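Next up: the same protein chain in two forms, each one alone, written as C-alpha coordinates (structure 1, then structure 2).
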Structure 1
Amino acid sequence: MNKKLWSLMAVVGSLPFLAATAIAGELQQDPAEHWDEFWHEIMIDIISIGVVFMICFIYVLIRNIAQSPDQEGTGTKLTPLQSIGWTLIPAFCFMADDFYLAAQSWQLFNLQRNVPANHYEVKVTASMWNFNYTYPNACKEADNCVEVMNELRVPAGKPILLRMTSSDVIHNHSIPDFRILEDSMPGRVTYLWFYPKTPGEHLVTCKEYCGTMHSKMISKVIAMPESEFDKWIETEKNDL
(Lines of atoms letter the chains of each structure in order from A and count residues from 1; the text may use other names and numbers.)
(Lines give C-alpha, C1' and ligand atoms only; values in the text may rest on other atoms or scores of the structure.)
Protein backbone atom coordinates (compact mmCIF):
# COMPACT_ATOMS: atom_id res chain seq x y z
CA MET A 1 0.00 0.00 0.00
CA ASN A 2 1.38 3.39 -0.88
CA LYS A 3 0.35 6.98 -0.35
CA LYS A 4 -1.23 7.31 -3.78
CA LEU A 5 -3.58 4.40 -3.20
CA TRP A 6 -4.66 5.79 0.18
CA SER A 7 -5.35 9.26 -1.17
CA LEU A 8 -7.26 7.75 -4.09
CA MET A 9 -9.34 5.77 -1.62
CA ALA A 10 -10.01 8.91 0.43
CA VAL A 11 -11.23 10.77 -2.64
CA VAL A 12 -13.43 7.90 -3.81
CA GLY A 13 -14.74 7.50 -0.28
CA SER A 14 -15.86 11.10 0.00
CA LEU A 15 -17.56 11.12 -3.42
CA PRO A 16 -20.74 9.32 -2.37
CA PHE A 17 -21.24 11.76 0.50
CA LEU A 18 -20.85 14.82 -1.72
CA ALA A 19 -23.13 13.32 -4.34
CA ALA A 20 -25.71 12.45 -1.72
CA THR A 21 -25.84 15.97 -0.30
CA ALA A 22 -26.21 17.37 -3.79
CA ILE A 23 -29.01 15.00 -4.81
CA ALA A 24 -31.11 15.43 -1.67
CA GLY A 25 -33.93 17.73 -2.72
CA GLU A 26 -35.83 20.72 -1.38
CA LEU A 27 -37.29 21.07 2.10
CA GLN A 28 -40.97 20.48 2.54
CA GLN A 29 -43.40 22.17 4.85
CA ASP A 30 -45.15 19.28 6.55
CA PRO A 31 -42.94 16.68 8.29
CA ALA A 32 -45.66 14.00 8.12
CA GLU A 33 -45.94 14.31 4.34
CA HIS A 34 -42.18 14.40 4.02
CA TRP A 35 -42.01 11.27 6.18
CA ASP A 36 -44.44 9.44 3.89
CA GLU A 37 -42.47 10.37 0.79
CA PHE A 38 -39.17 9.43 2.38
CA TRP A 39 -40.64 6.15 3.62
CA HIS A 40 -41.77 5.36 0.08
CA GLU A 41 -38.26 6.03 -1.17
CA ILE A 42 -36.68 3.84 1.52
CA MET A 43 -39.07 1.03 0.65
CA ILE A 44 -38.08 1.23 -3.03
CA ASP A 45 -34.44 1.24 -1.95
CA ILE A 46 -34.56 -1.76 0.38
CA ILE A 47 -36.98 -3.79 -1.70
CA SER A 48 -34.82 -3.44 -4.81
CA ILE A 49 -31.70 -4.42 -2.85
CA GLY A 50 -33.61 -7.36 -1.40
CA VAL A 51 -34.99 -8.52 -4.75
CA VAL A 52 -31.62 -8.30 -6.52
CA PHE A 53 -29.97 -10.18 -3.69
CA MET A 54 -32.69 -12.86 -3.63
CA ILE A 55 -32.44 -13.40 -7.39
CA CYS A 56 -28.67 -13.85 -7.13
CA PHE A 57 -29.13 -16.15 -4.12
CA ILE A 58 -31.70 -18.38 -5.83
CA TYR A 59 -29.69 -18.45 -9.06
CA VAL A 60 -26.59 -19.53 -7.14
CA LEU A 61 -28.62 -22.24 -5.37
CA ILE A 62 -30.12 -23.66 -8.56
CA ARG A 63 -26.94 -23.48 -10.62
CA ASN A 64 -24.73 -25.20 -8.07
CA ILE A 65 -26.75 -28.20 -6.89
CA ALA A 66 -24.45 -31.22 -6.52
CA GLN A 67 -24.72 -33.52 -9.55
CA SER A 68 -23.12 -36.57 -7.93
CA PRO A 69 -22.53 -37.58 -4.29
CA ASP A 70 -18.77 -37.12 -4.57
CA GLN A 71 -18.73 -33.83 -6.41
CA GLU A 72 -16.64 -31.14 -4.80
CA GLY A 73 -16.72 -27.39 -5.26
CA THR A 74 -14.24 -25.80 -7.63
CA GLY A 75 -14.00 -22.33 -6.13
CA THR A 76 -10.55 -20.85 -6.64
CA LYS A 77 -8.54 -18.51 -4.54
CA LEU A 78 -8.91 -14.87 -5.57
CA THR A 79 -5.89 -12.87 -6.61
CA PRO A 80 -5.05 -9.94 -4.29
CA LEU A 81 -6.55 -7.50 -6.81
CA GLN A 82 -9.80 -9.49 -7.10
CA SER A 83 -9.93 -9.78 -3.35
CA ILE A 84 -9.56 -6.04 -2.78
CA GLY A 85 -12.00 -5.28 -5.59
CA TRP A 86 -14.64 -7.65 -4.19
CA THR A 87 -14.27 -5.86 -0.86
CA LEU A 88 -14.04 -2.22 -1.83
CA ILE A 89 -16.59 -2.10 -4.66
CA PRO A 90 -19.51 -3.53 -2.66
CA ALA A 91 -18.36 -1.57 0.39
CA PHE A 92 -18.48 1.69 -1.57
CA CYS A 93 -21.87 0.82 -3.06
CA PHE A 94 -23.29 0.21 0.41
CA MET A 95 -21.62 3.35 1.70
CA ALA A 96 -23.03 5.45 -1.13
CA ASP A 97 -26.52 4.25 -0.28
CA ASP A 98 -25.89 4.86 3.43
CA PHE A 99 -24.70 8.41 2.90
CA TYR A 100 -27.56 9.14 0.53
CA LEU A 101 -30.07 7.93 3.10
CA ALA A 102 -28.25 9.75 5.89
CA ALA A 103 -28.42 13.02 3.97
CA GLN A 104 -32.11 12.52 3.21
CA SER A 105 -32.83 11.62 6.80
CA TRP A 106 -30.92 14.70 7.91
CA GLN A 107 -33.36 16.93 6.02
CA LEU A 108 -36.40 15.31 7.56
CA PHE A 109 -34.66 15.47 10.92
CA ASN A 110 -34.09 19.20 10.59
CA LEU A 111 -37.72 19.62 9.71
CA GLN A 112 -38.81 17.61 12.72
CA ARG A 113 -36.55 19.39 15.19
CA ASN A 114 -36.88 23.02 14.00
CA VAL A 115 -40.22 24.38 15.12
CA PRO A 116 -41.78 27.06 12.84
CA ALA A 117 -42.03 30.48 14.46
CA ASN A 118 -45.83 30.74 14.14
CA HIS A 119 -46.44 27.66 16.31
CA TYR A 120 -49.05 27.26 19.00
CA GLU A 121 -47.61 25.83 22.22
CA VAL A 122 -49.16 23.30 24.61
CA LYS A 123 -47.50 21.75 27.64
CA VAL A 124 -47.86 18.03 28.29
CA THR A 125 -47.36 16.27 31.60
CA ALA A 126 -47.63 12.51 31.37
CA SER A 127 -48.41 10.44 34.43
CA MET A 128 -49.48 6.83 34.98
CA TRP A 129 -51.67 6.54 32.85
CA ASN A 130 -52.86 9.90 31.53
CA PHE A 131 -51.74 12.79 29.41
CA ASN A 132 -52.41 16.17 31.00
CA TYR A 133 -52.41 19.16 28.60
CA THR A 134 -51.86 22.74 29.79
CA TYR A 135 -52.37 25.80 27.57
CA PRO A 136 -49.74 28.41 28.57
CA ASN A 137 -51.38 31.01 26.29
CA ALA A 138 -54.71 30.77 28.09
CA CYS A 139 -54.08 31.64 31.72
CA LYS A 140 -55.96 33.74 34.24
CA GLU A 141 -52.94 34.11 36.50
CA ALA A 142 -49.42 32.81 36.09
CA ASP A 143 -50.14 29.22 37.18
CA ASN A 144 -53.84 29.04 36.61
CA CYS A 145 -54.11 27.98 32.97
CA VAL A 146 -56.58 25.95 30.97
CA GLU A 147 -55.96 22.24 31.55
CA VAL A 148 -57.44 19.25 29.81
CA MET A 149 -57.01 15.52 30.39
CA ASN A 150 -56.48 13.06 27.52
CA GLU A 151 -57.94 15.37 24.91
CA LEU A 152 -55.69 17.79 23.08
CA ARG A 153 -57.73 20.47 21.33
CA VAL A 154 -55.69 22.49 18.85
CA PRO A 155 -56.36 25.02 16.10
CA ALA A 156 -56.15 23.46 12.62
CA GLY A 157 -53.75 25.04 10.14
CA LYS A 158 -51.12 25.95 12.72
CA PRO A 159 -47.93 24.08 13.71
CA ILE A 160 -48.48 22.73 17.21
CA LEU A 161 -45.54 22.50 19.62
CA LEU A 162 -45.73 20.13 22.58
CA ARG A 163 -43.32 20.64 25.46
CA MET A 164 -43.41 17.46 27.45
CA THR A 165 -42.38 16.11 30.79
CA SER A 166 -43.53 13.36 33.10
CA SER A 167 -44.45 13.29 36.75
CA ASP A 168 -43.57 9.66 37.41
CA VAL A 169 -42.03 7.19 34.93
CA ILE A 170 -40.97 7.42 31.28
CA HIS A 171 -43.90 7.68 28.87
CA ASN A 172 -44.11 8.44 25.18
CA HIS A 173 -46.50 10.73 23.33
CA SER A 174 -47.04 9.07 19.97
CA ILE A 175 -49.36 10.42 17.26
CA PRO A 176 -49.26 7.85 14.44
CA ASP A 177 -51.25 10.05 12.03
CA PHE A 178 -48.63 12.79 12.22
CA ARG A 179 -45.69 10.34 12.09
CA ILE A 180 -44.13 11.74 15.23
CA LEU A 181 -43.41 10.70 18.79
CA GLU A 182 -41.07 11.58 21.64
CA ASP A 183 -40.55 10.28 25.16
CA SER A 184 -41.71 12.34 28.11
CA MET A 185 -39.40 11.86 31.06
CA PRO A 186 -39.32 13.00 34.67
CA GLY A 187 -36.73 15.72 35.24
CA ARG A 188 -36.39 16.55 31.55
CA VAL A 189 -38.33 18.58 29.03
CA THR A 190 -38.59 17.18 25.52
CA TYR A 191 -40.51 18.54 22.56
CA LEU A 192 -42.16 17.57 19.33
CA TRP A 193 -44.23 19.44 16.79
CA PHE A 194 -46.82 18.49 14.21
CA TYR A 195 -48.96 20.22 11.66
CA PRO A 196 -52.72 19.49 11.66
CA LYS A 197 -53.78 21.01 8.34
CA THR A 198 -57.49 20.25 8.51
CA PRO A 199 -59.94 19.69 11.37
CA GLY A 200 -60.17 16.10 12.54
CA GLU A 201 -59.50 13.61 15.31
CA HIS A 202 -56.26 11.68 15.72
CA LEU A 203 -55.32 8.92 18.13
CA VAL A 204 -52.52 9.39 20.69
CA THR A 205 -50.92 6.40 22.40
CA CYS A 206 -48.12 5.75 24.86
CA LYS A 207 -45.21 3.92 23.28
CA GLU A 208 -42.88 3.46 26.24
CA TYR A 209 -43.68 0.65 28.64
CA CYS A 210 -45.10 2.22 31.82
CA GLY A 211 -46.79 -0.54 33.78
CA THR A 212 -50.21 -2.11 34.20
CA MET A 213 -52.34 0.21 32.08
CA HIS A 214 -49.67 1.01 29.46
CA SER A 215 -51.91 -0.21 26.64
CA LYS A 216 -54.82 1.87 27.87
CA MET A 217 -52.92 5.16 28.09
CA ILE A 218 -54.83 6.77 25.26
CA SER A 219 -55.53 10.33 24.30
CA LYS A 220 -56.59 12.15 21.16
CA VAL A 221 -55.71 15.21 19.16
CA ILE A 222 -58.80 17.18 18.13
CA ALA A 223 -57.93 19.72 15.47
CA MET A 224 -60.69 22.36 15.30
CA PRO A 225 -61.25 25.24 12.90
CA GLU A 226 -59.37 28.20 14.33
CA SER A 227 -62.46 30.29 15.11
CA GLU A 228 -64.11 27.42 16.97
CA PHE A 229 -60.92 26.76 18.87
CA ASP A 230 -60.67 30.41 19.92
CA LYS A 231 -64.26 30.28 21.17
CA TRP A 232 -63.59 27.04 23.08
CA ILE A 233 -60.42 28.26 24.76
CA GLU A 234 -62.11 31.55 25.71
CA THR A 235 -64.99 29.70 27.41
CA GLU A 236 -62.54 27.43 29.24
CA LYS A 237 -60.51 30.39 30.37
CA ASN A 238 -63.57 32.17 31.71
CA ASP A 239 -64.58 29.06 33.61
CA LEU A 240 -61.28 28.95 35.51
Structure 2
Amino acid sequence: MNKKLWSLMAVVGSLPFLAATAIAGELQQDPAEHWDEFWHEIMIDIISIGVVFMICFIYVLIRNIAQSPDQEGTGTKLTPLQSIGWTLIPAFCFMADDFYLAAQSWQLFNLQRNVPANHYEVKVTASMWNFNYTYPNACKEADNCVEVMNELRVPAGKPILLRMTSSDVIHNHSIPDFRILEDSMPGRVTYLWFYPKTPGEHLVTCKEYCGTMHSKMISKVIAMPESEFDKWIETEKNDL
Protein backbone atom coordinates (compact mmCIF):
# COMPACT_ATOMS: atom_id res chain seq x y z
CA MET A 1 0.00 0.00 0.00
CA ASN A 2 1.56 3.29 -1.11
CA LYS A 3 1.97 6.43 0.97
CA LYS A 4 -0.82 8.34 -0.81
CA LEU A 5 -3.36 5.65 0.09
CA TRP A 6 -2.17 5.64 3.71
CA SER A 7 -2.53 9.44 3.81
CA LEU A 8 -6.02 9.25 2.36
CA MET A 9 -7.06 6.65 4.93
CA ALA A 10 -5.63 8.78 7.75
CA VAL A 11 -7.61 11.80 6.59
CA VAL A 12 -10.83 9.81 6.25
CA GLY A 13 -10.28 8.21 9.65
CA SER A 14 -9.81 11.59 11.29
CA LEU A 15 -13.02 13.07 9.88
CA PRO A 16 -15.25 11.90 12.78
CA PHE A 17 -12.81 13.39 15.29
CA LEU A 18 -12.60 16.66 13.37
CA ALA A 19 -16.39 16.82 13.11
CA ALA A 20 -16.79 16.22 16.83
CA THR A 21 -14.20 18.90 17.56
CA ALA A 22 -15.98 21.37 15.30
CA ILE A 23 -19.33 20.64 16.95
CA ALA A 24 -17.82 21.06 20.43
CA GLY A 25 -16.27 24.38 19.40
CA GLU A 26 -19.59 25.57 18.00
CA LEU A 27 -21.36 24.60 21.22
CA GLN A 28 -18.79 26.46 23.26
CA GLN A 29 -18.94 29.59 21.14
CA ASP A 30 -22.70 29.96 21.04
CA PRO A 31 -24.54 27.82 23.62
CA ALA A 32 -27.68 29.96 23.18
CA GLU A 33 -28.44 28.31 19.83
CA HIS A 34 -28.07 24.87 21.33
CA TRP A 35 -30.29 25.74 24.29
CA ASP A 36 -32.93 26.66 21.68
CA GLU A 37 -32.42 23.32 19.93
CA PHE A 38 -32.66 21.52 23.26
CA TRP A 39 -35.89 23.37 24.12
CA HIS A 40 -37.41 22.41 20.76
CA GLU A 41 -36.42 18.80 21.41
CA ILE A 42 -38.15 18.90 24.79
CA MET A 43 -41.31 20.34 23.19
CA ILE A 44 -41.31 17.61 20.53
CA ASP A 45 -40.77 15.02 23.24
CA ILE A 46 -43.64 16.30 25.39
CA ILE A 47 -46.02 16.58 22.41
CA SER A 48 -45.11 13.06 21.23
CA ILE A 49 -45.78 11.60 24.68
CA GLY A 50 -49.06 13.52 24.89
CA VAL A 51 -50.19 12.21 21.48
CA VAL A 52 -49.36 8.61 22.47
CA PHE A 53 -51.33 8.98 25.71
CA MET A 54 -54.28 10.54 23.86
CA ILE A 55 -54.36 7.73 21.28
CA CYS A 56 -54.27 5.10 24.04
CA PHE A 57 -56.99 6.93 25.97
CA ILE A 58 -59.29 7.20 22.93
CA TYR A 59 -58.68 3.55 22.04
CA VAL A 60 -59.56 2.36 25.54
CA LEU A 61 -62.59 4.67 25.66
CA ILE A 62 -64.01 3.42 22.35
CA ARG A 63 -63.17 -0.22 23.00
CA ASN A 64 -64.87 -0.27 26.39
CA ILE A 65 -67.87 1.96 25.72
CA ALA A 66 -71.13 0.55 27.06
CA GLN A 67 -73.64 -0.61 24.47
CA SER A 68 -76.59 -0.17 26.85
CA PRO A 69 -77.29 1.46 30.24
CA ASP A 70 -77.58 -1.96 31.87
CA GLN A 71 -74.27 -3.28 30.61
CA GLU A 72 -71.53 -3.77 33.19
CA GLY A 73 -67.86 -3.91 32.33
CA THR A 74 -65.45 -6.60 33.42
CA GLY A 75 -61.74 -5.93 33.77
CA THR A 76 -59.25 -8.24 32.09
CA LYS A 77 -57.31 -10.16 34.68
CA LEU A 78 -53.55 -9.99 34.11
CA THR A 79 -50.99 -12.56 35.13
CA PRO A 80 -48.23 -11.42 37.53
CA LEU A 81 -45.77 -11.36 34.62
CA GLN A 82 -48.12 -9.21 32.53
CA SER A 83 -48.67 -6.84 35.45
CA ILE A 84 -44.93 -6.41 35.96
CA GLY A 85 -44.37 -5.93 32.22
CA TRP A 86 -47.11 -3.28 31.82
CA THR A 87 -45.63 -1.44 34.82
CA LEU A 88 -41.88 -1.66 34.27
CA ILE A 89 -41.60 -1.37 30.48
CA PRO A 90 -43.42 2.00 30.19
CA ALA A 91 -41.61 3.26 33.30
CA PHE A 92 -38.25 2.23 31.81
CA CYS A 93 -39.03 3.97 28.51
CA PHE A 94 -40.05 7.22 30.21
CA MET A 95 -37.14 7.18 32.64
CA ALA A 96 -34.66 6.49 29.82
CA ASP A 97 -36.02 9.50 27.96
CA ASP A 98 -35.84 11.65 31.10
CA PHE A 99 -32.24 10.62 31.83
CA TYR A 100 -31.26 11.33 28.23
CA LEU A 101 -32.72 14.85 28.38
CA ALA A 102 -31.15 15.44 31.80
CA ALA A 103 -27.72 14.42 30.46
CA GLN A 104 -28.12 16.83 27.54
CA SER A 105 -29.12 19.68 29.84
CA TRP A 106 -26.08 19.11 32.07
CA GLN A 107 -23.80 19.01 29.04
CA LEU A 108 -25.16 22.33 27.78
CA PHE A 109 -24.96 23.85 31.26
CA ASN A 110 -21.31 22.85 31.55
CA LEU A 111 -20.58 24.34 28.14
CA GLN A 112 -22.25 27.58 29.18
CA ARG A 113 -20.05 27.74 32.29
CA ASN A 114 -16.85 27.06 30.30
CA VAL A 115 -15.62 30.53 29.27
CA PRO A 116 -13.69 30.68 25.97
CA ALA A 117 -10.07 31.80 26.23
CA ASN A 118 -10.52 34.64 23.71
CA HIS A 119 -13.22 36.44 25.75
CA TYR A 120 -13.55 40.16 26.46
CA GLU A 121 -14.15 40.89 30.15
CA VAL A 122 -16.46 43.49 31.71
CA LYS A 123 -17.19 43.95 35.42
CA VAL A 124 -20.78 44.51 36.54
CA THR A 125 -21.92 46.08 39.81
CA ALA A 126 -25.66 45.86 40.41
CA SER A 127 -27.39 48.27 42.78
CA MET A 128 -30.85 49.64 43.45
CA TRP A 129 -31.76 50.01 40.60
CA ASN A 130 -29.02 50.11 37.98
CA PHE A 131 -26.30 48.06 36.36
CA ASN A 132 -22.88 49.71 36.37
CA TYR A 133 -20.42 48.34 33.79
CA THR A 134 -16.65 48.76 34.25
CA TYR A 135 -14.09 47.95 31.55
CA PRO A 136 -10.91 46.69 33.32
CA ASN A 137 -9.00 46.66 30.02
CA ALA A 138 -9.63 50.38 29.49
CA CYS A 139 -8.01 52.17 32.42
CA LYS A 140 -5.70 55.15 32.80
CA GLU A 141 -4.84 54.00 36.29
CA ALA A 142 -5.68 50.95 38.35
CA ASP A 143 -8.77 52.61 39.87
CA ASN A 144 -9.67 54.87 36.93
CA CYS A 145 -11.37 52.76 34.26
CA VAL A 146 -14.11 53.37 31.74
CA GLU A 147 -17.54 53.04 33.39
CA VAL A 148 -21.03 53.29 31.96
CA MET A 149 -24.45 52.79 33.51
CA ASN A 150 -27.27 50.70 32.08
CA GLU A 151 -25.64 50.44 28.65
CA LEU A 152 -23.24 47.59 28.04
CA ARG A 153 -21.27 48.15 24.83
CA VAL A 154 -19.36 45.12 23.56
CA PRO A 155 -17.52 44.07 20.38
CA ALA A 156 -19.60 41.85 18.11
CA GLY A 157 -18.13 38.50 17.12
CA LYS A 158 -16.32 37.99 20.43
CA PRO A 159 -17.33 36.05 23.58
CA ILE A 160 -18.13 38.46 26.43
CA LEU A 161 -17.43 37.56 30.06
CA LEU A 162 -19.29 39.42 32.82
CA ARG A 163 -17.90 39.27 36.37
CA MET A 164 -20.68 40.45 38.64
CA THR A 165 -21.33 41.56 42.18
CA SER A 166 -23.88 43.69 44.03
CA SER A 167 -23.51 46.71 46.29
CA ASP A 168 -26.72 46.14 48.27
CA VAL A 169 -29.17 43.25 47.72
CA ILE A 170 -29.40 40.25 45.39
CA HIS A 171 -30.07 41.21 41.78
CA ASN A 172 -30.10 39.12 38.62
CA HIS A 173 -28.49 40.03 35.29
CA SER A 174 -30.61 38.51 32.51
CA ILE A 175 -30.16 38.82 28.74
CA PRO A 176 -33.09 36.88 27.22
CA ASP A 177 -31.78 37.03 23.63
CA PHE A 178 -28.70 35.06 24.70
CA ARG A 179 -30.61 32.68 27.03
CA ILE A 180 -28.54 33.59 30.08
CA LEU A 181 -29.11 34.92 33.59
CA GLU A 182 -27.12 34.88 36.81
CA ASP A 183 -27.52 36.39 40.27
CA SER A 184 -25.40 39.30 41.46
CA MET A 185 -24.81 39.08 45.22
CA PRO A 186 -23.12 41.34 47.77
CA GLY A 187 -19.78 39.98 48.97
CA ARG A 188 -19.51 37.46 46.16
CA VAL A 189 -18.37 37.49 42.51
CA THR A 190 -20.41 35.50 40.01
CA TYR A 191 -20.01 35.29 36.25
CA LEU A 192 -21.69 34.55 32.96
CA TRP A 193 -20.70 34.80 29.31
CA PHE A 194 -22.48 35.24 26.02
CA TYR A 195 -21.61 35.44 22.34
CA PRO A 196 -22.99 38.41 20.36
CA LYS A 197 -22.31 37.22 16.83
CA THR A 198 -23.57 40.30 15.01
CA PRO A 199 -24.09 43.99 15.84
CA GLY A 200 -27.42 44.86 17.48
CA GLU A 201 -29.20 45.83 20.69
CA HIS A 202 -30.48 43.41 23.32
CA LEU A 203 -32.60 43.91 26.44
CA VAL A 204 -31.15 43.39 29.93
CA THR A 205 -33.47 42.98 32.91
CA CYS A 206 -33.21 42.14 36.60
CA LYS A 207 -35.01 38.86 37.30
CA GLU A 208 -34.55 38.79 41.07
CA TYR A 209 -37.01 40.92 43.04
CA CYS A 210 -34.92 43.69 44.59
CA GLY A 211 -37.32 46.34 45.87
CA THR A 212 -39.94 48.84 44.79
CA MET A 213 -38.20 49.81 41.52
CA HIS A 214 -37.38 46.25 40.49
CA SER A 215 -39.54 46.40 37.35
CA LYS A 216 -37.70 49.55 36.22
CA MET A 217 -34.24 47.99 36.50
CA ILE A 218 -33.63 47.72 32.77
CA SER A 219 -30.43 47.97 30.78
CA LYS A 220 -29.30 47.03 27.29
CA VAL A 221 -26.44 45.37 25.45
CA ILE A 222 -25.16 47.20 22.37
CA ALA A 223 -23.03 44.88 20.23
CA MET A 224 -20.86 47.00 17.91
CA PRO A 225 -18.49 46.15 15.05
CA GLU A 226 -15.10 45.63 16.66
CA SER A 227 -13.51 48.63 14.93
CA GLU A 228 -16.31 50.92 16.14
CA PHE A 229 -16.08 49.49 19.65
CA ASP A 230 -12.33 50.11 19.74
CA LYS A 231 -12.90 53.74 18.73
CA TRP A 232 -15.62 54.16 21.36
CA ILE A 233 -13.56 52.63 24.15
CA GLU A 234 -10.56 54.78 23.22
CA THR A 235 -12.71 57.93 23.25
CA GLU A 236 -14.13 57.06 26.65
CA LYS A 237 -10.67 56.28 27.97
CA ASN A 238 -9.31 59.63 26.77
CA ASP A 239 -12.18 61.44 28.55
CA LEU A 240 -11.23 59.99 31.94
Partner chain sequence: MKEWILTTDHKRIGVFYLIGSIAAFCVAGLMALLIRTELGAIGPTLTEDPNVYNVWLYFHGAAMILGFQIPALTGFLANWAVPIMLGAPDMAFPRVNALSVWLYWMGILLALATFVIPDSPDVMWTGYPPYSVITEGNTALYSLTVLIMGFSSIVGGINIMCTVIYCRAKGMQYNQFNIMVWTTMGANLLQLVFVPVLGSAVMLLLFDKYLGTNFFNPASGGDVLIYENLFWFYSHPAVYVILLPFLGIAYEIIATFARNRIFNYNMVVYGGVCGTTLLSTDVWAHHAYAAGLPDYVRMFMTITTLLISVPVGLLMIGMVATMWNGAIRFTTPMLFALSVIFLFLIGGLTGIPNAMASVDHAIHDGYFIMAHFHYVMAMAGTAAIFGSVYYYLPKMTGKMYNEAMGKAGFWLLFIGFNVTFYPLFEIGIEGMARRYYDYSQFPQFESAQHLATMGSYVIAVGFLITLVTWIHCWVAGEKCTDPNPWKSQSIEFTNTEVIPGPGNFPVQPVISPDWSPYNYGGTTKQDD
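Only the largest set of C-alpha atoms that superpose within 1.5 Å between the two forms is called the rigid core. Numbering runs along the sequence of structure 1, starting at 1. All figures in this text were calculated on a predicted structure; none of them were measured in a lab.
**Student:** Between the pair I just shared, point out the form predicted on its own.
**Tutor:** Structure 2 is the one predicted on its own.
**Student:** Taking the rigid core as the reference frame, tell me whether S215 has a CA displacement of 2 angstroms or more between the two structures.
**Tutor:** No, the C-alpha position differs by under 2 Å between the two structures.
**Student:** For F53, is the CA shift between the two structures at least 2 Å following rigid-core superposition?
**Tutor:** The answer is yes, as the C-alpha of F53 shifts between the two structures by 2 Å or more after core alignment.
**Student:** Indicate whether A66 shows a C-alpha shift of 2 Å or more between the two structures, with the rigid core used for the fit.
**Tutor:** After core superposition, the displacement of the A66 C-alpha between the two structures reaches the 2 Å mark, so yes.
**Student:** Once you lay the two forms on top of each other by their rigid core, how far has the C-alpha of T76 moved between the two structures, in Å?
**Tutor:** The alpha-carbon displacement, core-superposed, is 7.7 Å.
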